[in-house]
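Below sits a lone chain in C-alpha cells, taken as the form predicted on its own.
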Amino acid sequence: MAVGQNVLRKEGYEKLTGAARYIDDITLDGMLHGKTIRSSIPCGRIKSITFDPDYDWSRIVVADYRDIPGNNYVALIENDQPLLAETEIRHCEEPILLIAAESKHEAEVAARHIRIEYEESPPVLTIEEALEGDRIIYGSDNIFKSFLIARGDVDEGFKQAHTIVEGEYRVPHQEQLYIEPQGMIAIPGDNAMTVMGSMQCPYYIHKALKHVFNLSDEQVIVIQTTTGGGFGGKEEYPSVIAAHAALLAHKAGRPVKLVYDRAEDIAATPKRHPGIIRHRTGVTKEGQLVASEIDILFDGGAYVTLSPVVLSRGAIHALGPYRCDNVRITARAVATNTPPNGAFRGFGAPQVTFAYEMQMEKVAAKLILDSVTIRQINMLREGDITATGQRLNWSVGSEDVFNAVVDRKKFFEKRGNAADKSDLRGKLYGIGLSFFFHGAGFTGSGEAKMKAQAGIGITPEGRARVLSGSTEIGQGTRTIFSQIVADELGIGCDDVEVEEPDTSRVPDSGPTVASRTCMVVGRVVQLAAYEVKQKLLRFVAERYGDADVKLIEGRFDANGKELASFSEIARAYLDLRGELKAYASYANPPGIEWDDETYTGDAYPVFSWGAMVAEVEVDPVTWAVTVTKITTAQDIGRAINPVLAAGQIEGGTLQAVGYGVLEELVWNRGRIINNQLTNYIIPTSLDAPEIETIIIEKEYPHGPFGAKGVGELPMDGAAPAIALAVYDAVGHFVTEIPITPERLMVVAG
C-alpha cells in the first residue's frame, strides 16, 4: 500500500538539486522583458501621459488599454477590474501602461522617462470611511457583497440569556510572501497565445486571456512552470500579469517575460482581507450559548476580485465549531481605494476564528468558567447542526482533536504552576487554547457546478499518467495523486507519472484552492483510475476467457493463475486498441443540499477539525511576545502521506504565528510603505516555536481512501491561541492583531 506511507516527493529531487526551472530561469529566443507602469495616487483621474521626447523610444514597446483586442477587464467573479486603467484610478499601484525592452535594465530606464499627471480625489481608505457614505466609490453604498445567515429566533434567545457579552475584534492585512515572486512569459502565435508561469489555477488564466484577446479555448494555452509557493496569492492575480505579458507579446510579436521584484509584488498584489468582527453573545448561567449575533466587515480593496468567496467562508465559519440554536450573522465586504484583496490560506476563516475564540474566552471570564469547560459545553459533535442548518453526519473529529491537546491535568498544571506568571528571567508565562474547524472544498453548490474533471492515461511503456489541471505549488499534489493511483491500480508509485498542468493537455480540475485538491480532485483521480482498472480487467477476461480476473499487487490473476504484470497487459491493450484513457467528474455525496438564496443547508460536504495550545513568554520591559511551543491536533481524515500532511500543518501554523504577532503592513495614503523583507517581518526559523503535531484520522467516506482537507485548517488556530496565552500571561485581552510590543504596551497599560 502506498496510501498512508511517507513516499518520496515526486518533484523533490529536481528542487533539491536545483534542476527545477522556475519562470525566471527560462529564456527564449528574441524574448523581451516587460515592466508595468503604475499609478502613484489612490483615487482620481489621469490628466495626461507624457513620453520624454529626448528619449529614444524606438527600442521600447509600449501598450495601453487601446491595444487590447478584446475586453478591458480581468474576467473573474465580476468583470469590474480593468486590465489597464483608462482614465479613472481606483488605487495606488493600479496598472496604467506596459513597456517592454531588450533587458530589464533598459525597461527600468525607459520607465523613468514617462510622466503621468493626475487630478486627485479624496480617497476612501478604511472600512469606517467606506461605510460613512460621504464618498461613494462603488455602486450606491460601497458594498461589494453581503450575506445573511439566520437560524432560530435571536431576539427570543437573548431574552432567555442569563448573561450577554459583547466584543469587537480587528484583524489585519497579511502578505502571502511566497518564495518566488509573480512571473509569466507570453509567447504570441498565429491568432493564438501561449502563456507559461508561476500559478495555482491555469484555467483561471485561460478564461481571462480568452476575454482579453477574443480567442477560443483552443487558441489559448496556459502552462504551469515549477512554482515557488502560492498560499492563495497565485490564485487570481496571475491572470493579471499573464494578460499584461500577453498584451506586450501581442504588440511586439515576440515572447515577453514579466517578473516582479519583491517590492512590486508586495506593493501591488492582493493580501488577506482585513476586517472588523463584532460579537454579541447570550449564554445561560451554566455557559450554554442561546443567542449569537455576529457582524462581519471585510475590506475588499478597490475591485471585487475574490471578496464574495472570502466573505462567504468568513460568514459560514463565524460562529465557529459551536452549537447555538439562535444565530444571526451579517457579513459585508466594502470597497476602499486600496489594492484589491484576495485569497490567502484559510481565506475568511482565520479572521473570524480569531474573533470567535476571543469571544468564547471573554464569555468564560464573565461566567468564571475555564477555557476548556466553555468549549466542551458548546462543542459541535456528530449529529449536531451548524449555523447554516447542516447536520454533521460523518467524520466529526471535534472531540478527538480537543482531547488530544487538552490533557486537563497538564493544561491546568501549567496554568496553576505559573500563577505569578513570572519565571526566573523575569519573563511572564502564558498558555492559551483554541478550537476551530474548516470546511473542505468549495462552499455550497460550488463543487457541483464546477464538476471537476481528471483522467488517467496509459503511456506506451505501460505506466499510468495522471491528467489533471491541479497544480503542484509545494504542497505535494503530484506525490499524493501518485499514491492514490498506485493503490487503486495495485502498482508502485514509481509506475505513476503526473502530466504537467497544460490546458491543451489536461482537463479543468478546478482551482488549486480551498483544501479541495486531495479530497475532491484526488477522489476524481481515484475514480478515473478505477475505470482504467475495469477496462484492463475486462480486456484480460476477454483475452483469457475467464471473467474472474483480479489485479493484485500489479499482476493480473485468474483463478489463482498468474497471467502478466500490469505494464505487460497495459502495453498489450495499447497494441490492440491504440489508446487507454479514462476520465471522471466530481459529484457531491448523496444527500448534500444547499440553497444559495437563503444560505442554508450543507455548506461543505465535510469539515476538518483542529485544536491548539500555545505557550508564550512576554517580556514585561519590552512587551515582546515569544511563542515557545505550540501543540496542535488536526483531523484531516486519512493522511495520504503523513510527512507531507505534517509539513502542511507545521507550515500553516508558522504562517499563523506571523499573523498573530509579527506581520503588519504599514500604509500611507493607500500605499504600502514597508514593501520589503527588511521591514515586513515574517517568522524565520529562529522565530519558529517547537511545534508538536498530532494527526487525527477520522476517515471521510467520500474522500480518496478516507482523506479530506488539510491545507487551510492549520492557518486558523494559532493567532487566537497565542492571544489567549498573552491574556493568561498579562491579564489583559488583546482584541487586535498582530500583537506587537507597541500594541500590547497600550493594552496592558
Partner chain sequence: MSFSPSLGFAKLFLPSPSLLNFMALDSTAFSPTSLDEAYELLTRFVSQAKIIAGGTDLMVLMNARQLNAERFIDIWALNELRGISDEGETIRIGALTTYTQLIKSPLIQLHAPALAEASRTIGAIQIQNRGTIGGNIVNASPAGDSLPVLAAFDAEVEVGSVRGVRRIGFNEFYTGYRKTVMAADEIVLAVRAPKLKPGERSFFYKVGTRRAQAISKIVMAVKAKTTDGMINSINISLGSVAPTVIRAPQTESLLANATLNDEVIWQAATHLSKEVSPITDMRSTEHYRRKVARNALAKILSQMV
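Residue numbers count along the first chain shown, from 1. None of the values given here were measured: they were computed from a predicted structure.
Note that the form predicted together with the partner chain isn't included here; everything after this is about it.
Partner-contacting position among 115, 391, 381, 538 - heavy atom within 4.5 Å of the partner chain in the predicted complex: Contact check passes for 115.
Contacting member of 148, 136, 677, 547, with respect to the partner chain in the predicted complex [4.5 Å, heavy atom]: Contact check passes for 677.
Pick from 719-727, 706-714, 681-689, 36-44: which stretch has a heavy atom within 4.5 Å of the partner chain in the predicted complex? Flagged stretch: 681-689.
Please run the contact check for residue 668 against the partner chain in the predicted complex: heavy atoms, 4.5 angstroms, yes or no? It does not: once the partner chain is placed as it appears in the predicted complex, residue 668 has no heavy atom within 4.5 Å of it.
Is residue 370 close enough to touch the partner chain in the predicted complex, meaning at least one heavy atom pair within 4.5 Å? No.
So in the predicted complex, is the partner chain close enough to residue 29 to count as touching (4.5 Å, heavy atoms)? Residue 29: no, not in contact with the partner chain in the predicted complex.
Using a 4.5 Å heavy atom cut-off, state whether residue 505 contacts the partner chain in the predicted complex. So residue 505 does not count as contacting the partner chain.
Within 643-665, which residues have a heavy atom closer than or equal to 4.5 Å from the partner chain in the predicted complex? Stretch hits: a single one, 662.
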